[in-house]
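The chain below stands alone, shown as structure tokens; this is the form predicted on its own.
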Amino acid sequence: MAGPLRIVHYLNQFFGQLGGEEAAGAAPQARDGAIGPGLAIVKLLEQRRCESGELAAEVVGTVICGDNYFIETPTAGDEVFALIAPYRPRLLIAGPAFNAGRYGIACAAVCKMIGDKLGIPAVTGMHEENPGVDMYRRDVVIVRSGASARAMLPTMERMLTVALKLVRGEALAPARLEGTFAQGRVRNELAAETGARRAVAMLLAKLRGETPTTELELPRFEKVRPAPAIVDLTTATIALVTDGGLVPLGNPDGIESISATKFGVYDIGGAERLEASRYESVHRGYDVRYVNADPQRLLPVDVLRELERDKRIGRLHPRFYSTTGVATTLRNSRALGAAMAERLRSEGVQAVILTST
């Protein structure tokens, strides 16, 4: 196809400058040219063209869709495609989504759809803990990114490098060298040494205490031993714990709305239910209006009180534990969980009901 390389950029409501979580229900819409992070694409493309004579390229359009709308609306994919196709793109770039789960799933789904329907390269970028990685890594080229938008420019630069290789029809290097997530595909290639010599070199590296570089990365599954069952619920103390970000009005402990590093513990005493006038959710990963209108939608204190009165449980613990789960790293999640568990055990709690979003 003659002329500059035509690129379409997919963004969510936040990076598409429609708003934050209050705009997460926004239906798909298109803007000509580049906006938001797309301006970084334009700048990087111009630098490449000036420095190395890279092919001429332009962002001809930006398609925006709210995270909630894409996840919750069955026709969202078709609506997004109907906006992308008229631009006649030769390349789609989605995101990057970093560690935003709904955004990551949408970016990967759009990339797969465009690859399947238009047969053109499509690239996105995510943090390793984004659920979109495990869901789509075999079908979509996903570049590794940092956890937040602070890594926007270097991530976009790597995405462009990979995308332009695909446009030129070049084979990508192994994932560990290219900075992408492995797609589980085995490809034959010539090596300087035989497999036997490479295997011995890996073994020697391991014996020296080094980390050998494997040519085929195997999945790693964490084994979690289940806790012993409660023998008698009618005598057990049950606690409510949530990663939905519910806190007293004003967020007195300063629980982060994203990438949490702390949790709060809040007294509910003998309350029959949580009053909307006293609580709010500070979570930035879902539409909190429904929880703010009725906190029982996240923490069912009223139901636990009924079970308590019916003597189906011993008692409801007089304090609930809360943090936010959006974009919280695995390392921080483990630390928070361990600290919660230690404190709950010290308070005589036998079981926890963990509510999420």
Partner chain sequence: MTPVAKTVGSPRIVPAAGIVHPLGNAQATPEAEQKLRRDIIRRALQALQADVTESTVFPAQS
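Numbering follows the first chain given and starts at 1. Rigid core: the largest C-alpha set superposing within 1.5 Å between the two forms. Owing to the predicted nature of the structure, the values given are computational and were not obtained by experimental measurement.
Quick note: we don't show the form predicted together with its partner chain, though the next part is all about it.
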{"query": "Segment that reaches its partner chain in the predicted complex - one of 60 to 68, 41 to 49, 22 to 30, 290 to 298, heavy atoms within 4.5 Å", "finding": "290 to 298"}
{"query": "In the predicted complex, the one of A192, A196, A229, V186 near its partner chain [non-hydrogen atom within 4.5 angstroms]", "finding": "A229"}
{"query": "4.5 Å heavy atom contact, I353 and its partner chain in the predicted complex", "finding": "yes"}
{"query": "Non-hydrogen atom contact I258 with its partner chain in the predicted complex at 4.5 angstroms", "finding": "no"}
{"query": "Distance check, Y286 to its partner chain in the predicted complex, heavy atom within 4.5 Å", "finding": "yes"}
{"query": "I268: touches its partner chain in the predicted complex, heavy atom cutoff 4.5 angstroms", "finding": "no"}
{"query": "Core-superposed comparison between the shown form and the other one, L153 Cα displacement 2 Å or beyond", "finding": "no"}
{"query": "Core-aligned CA displacement of S281 at least 2 Å between the shown form and the other one", "finding": "yes"}
{"query": "Post core alignment: G245 C-alpha displaced by 2 Å or more between the shown form and the other one", "finding": "yes"}
{"query": "Comparison of CA distance in the predicted complex with shown form for A26, T328, at least 3 Å", "finding": "farther"}
{"query": "Pair E21/Q296, Cα separation in the predicted complex versus the displayed form, closer or farther by 3 angstroms or more", "finding": "farther"}
